[in-house]
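Presented below, as structure tokens, is a lone chain in the form predicted on its own.
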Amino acid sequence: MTIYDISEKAGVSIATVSRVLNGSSNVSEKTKKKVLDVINQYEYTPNAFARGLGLNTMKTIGILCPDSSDLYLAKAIYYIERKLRANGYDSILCCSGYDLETKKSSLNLLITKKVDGIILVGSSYIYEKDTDNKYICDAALQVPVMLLNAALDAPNVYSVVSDDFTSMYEATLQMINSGVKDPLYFYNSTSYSGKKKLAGYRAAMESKKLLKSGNMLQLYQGSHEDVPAMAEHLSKLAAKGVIFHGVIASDDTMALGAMKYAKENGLRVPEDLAIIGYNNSMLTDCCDPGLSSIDNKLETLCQHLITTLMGVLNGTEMPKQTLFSGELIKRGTTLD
């Protein structure tokens, strides 16, 4: 028995069931009685709750991330935990890695801790196959599940997403329009977000009829911390005769790899090699010239995600998906 079964048997919406369980005053006594009668009939025990009745709420949110050493994910966790504390909630952080089975066991572990909701940080938790996403749908039968920068259309799952496709599309066009007709896309992820970025780059290149070789799509599969290996990847590519005068990277660390490649090969930035990163992280000020990068509004995304979660926990109807636009912040690695 889940809140969805209760909703169906009582003939009310899921949000109404949630309001009753949270003790909301925005429910008529008649509707409240219908819901409580179903709960009592089937001996339904809410997860750590009956919040509005004052019973055993944990005031705790589970946070799942694949790798807390990743700059983007670590910053997201910081913003999320800070916003949760401001709303009177504690958090339990679990680092799952990238293996599906480990993600499943980590998610189940958080469920056993009787958390009031779960936040999945990053887009690697969503898969193309519906069967691979079942672990998220199953968790959402018990608590609200929030997705940061990924989307899944399922009951009790809420998504806050950066428009990575459009951000990458517009950044690629800006580099092309500045005179760089052969920008290379340098990426290290095929996650939900990674695929959106790749699609944005491809669409921009194809709109200008410039995507003539698969060599312009370079997938780096080494450590996300190994900047020298990223530079070496580009050096080997150039040694094979692949010509490129621009690099658009899927994150700022990859862009630093391109900066190192330029320095090692005597290339002027941006005159000989223009570079754009992604995430607008602290790394943008760790090189000379400063790194142009796409700001995906991470703090805004995290703040909105917690606002949505608090609304859901309070029984308020909240949007299932919210999309935010990114912005290219120009510094010294791109041409005007």
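It should be emphasised that the depicted structure is a prediction, and the values quoted were computed from it without experimental measurement. Each residue number is its position in the shown sequence, starting from 1.
There is another form of the same protein, the form predicted in complex with a further copy of the same chain; it is not shown, and what comes next is about it.
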property: Contact test, all of Arg82, Gly97 and Cys287, partner a further copy of the same chain in the predicted complex, heavy atom 4.5 Å; result: yes
property: Contact residue in the predicted complex, chosen from Asn156, Thr253, Ser123, Ser167 - any heavy atom within 4.5 Å of a further copy of the same chain; result: Thr253
property: The unique member of Thr190, Asn87, Asn108, Ser91 whose heavy atoms fall within 4.5 Å of a further copy of the same chain in the predicted complex; result: Ser91
property: Interface stretch in the predicted complex with a further copy of the same chain - options 235 to 243, 70 to 78, 212 to 220, 125 to 133, non-hydrogen atom within 4.5 Å; result: 70 to 78
property: Non-hydrogen atom contact Val227 with a further copy of the same chain in the predicted complex at 4.5 angstroms; result: yes
property: Non-hydrogen atom contact Lys208 with a further copy of the same chain in the predicted complex at 4.5 angstroms; result: no
property: Contact of Lys263 with a further copy of the same chain in the predicted complex (heavy atom, 4.5 Å); result: yes
property: Leu36 within 4.5 Å of a further copy of the same chain in the predicted complex, heavy atoms; result: no
